[in-house]
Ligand code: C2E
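The chain below stands alone, shown as structure tokens; this is the form predicted on its own.
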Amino acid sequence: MARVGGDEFVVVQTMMAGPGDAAALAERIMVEIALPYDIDGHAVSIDTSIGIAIFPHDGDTVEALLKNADTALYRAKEAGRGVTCFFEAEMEVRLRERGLLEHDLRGAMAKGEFEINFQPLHACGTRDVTAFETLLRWHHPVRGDVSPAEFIPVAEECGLIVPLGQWVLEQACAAAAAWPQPYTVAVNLSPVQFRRGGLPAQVAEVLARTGLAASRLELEVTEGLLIEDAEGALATMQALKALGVRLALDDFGTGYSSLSYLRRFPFDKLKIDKSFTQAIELDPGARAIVDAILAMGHSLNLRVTAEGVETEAQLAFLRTLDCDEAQGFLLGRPVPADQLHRRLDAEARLERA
């Protein structure tokens, strides 16, 4: 056994009957390391991620085995804590592709490849526009349009989400400040932006530079942030609320969906995940969940938005439950910032005429 880095170790196992022996050793290592340590009266436990490469199938040299074990370790860390992962040839392909994507991502902002789009939110009862959500788009010159589901996790892993998130916030606030109507603009925040610190000050600076009223900015967060660092998240949210901005809990229903979050954290809105909205026509369970979320949200004086509305039947059902807002392709698709501005200008001229 050897230590090869700050928190990385290599174990060489011999006299193996097969891969099962490696898996058994990995399990023993994880169990032993996970036993709690007493440090100044505090119980502290450590999670371990393990990657395994087997000679000669996964490499017939020391260099190849170490490289492939490290690739398997990276995959294990991606999968969560306390995971063991065997090397597979496809992993190397995925890792190489991720490296290329990160390389392209680092130059995308300087090259002007990013664009923000806005998708409208509508009042369920009247279909009037109430707000616009900011969506980030990446137009790659070779890859074409890269899905946010593909590049956002990479940006979070390599730290690029911080400058990228700052750029999105600035662009969204500047665009909204120029709209002729005082619609609210919603911007998604990454947990990484919270962990880096200084977020309330950054938001305050952006609002001051763009001239957007704080009451017109809505910041969306996911439950993962609350699980990772509840105390830090609460302090940051309270500072943001002190600025006058609004806070929304996004994708509600897909995580822990704890009532304690809603009581403890200063949210103004819940957003029902689209997976429930799109299932309400055929799935009684989904209808019951949506009904419960709406009742719970309204009992706590929170506005509730249903995401992913694509049919009139879905919208009609949401109306029967007094859902506040709806968002989805039925009501409006995302459009580029300049196109939206022209449309809002035209509507304003018609109202004045």
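Predicted, not measured: the structure shown is a model, and the values here were computed from it. Start at 1 and count along the sequence shown; that's the residue number.
As for the form predicted in complex with the named molecule, it is not shown, yet the points below apply to it.
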Discussion item. Within 4.5 angstroms, counting heavy atoms, which one of the listed stretches 103-111, 121-129, 182-190, 69-77 is next to the named molecule in the predicted bound form?
Written reply: 182-190
Worksheet item: Ok, Arg216, Lys269, Lys274, Lys241: which has a heavy atom sitting within 4.5 Å of the named molecule in the predicted bound form?
Response: Lys274
Item to complete: Using heavy atoms only and a 4.5 Å cut-off, determine which of Ala175, Ala233, Cys85, Leu135 is in contact with the named molecule in the predicted bound form.
Response: Leu135
Discussion item. Would you classify Asp291 as touching the named molecule in the predicted bound form, given a 4.5 Å non-hydrogen atom cut-off?
Written reply: no
Fill in: Non-hydrogen atom contact Glu310 with the named molecule in the predicted bound form at 4.5 angstroms
yes
Item to complete: May I ask you to state whether Leu225 is within 4.5 Å of the named molecule in the predicted bound form, using heavy atom distances?
Response: no
Worksheet item: Looking in the predicted bound form, any heavy atom of Pro334 within 4.5 Å of the named molecule?
Response: yes
Worksheet item: Quick one: which residues from 159-184 get a non-hydrogen atom within 4.5 Å of the named molecule in the predicted bound form?
Response: Ile161, Val168
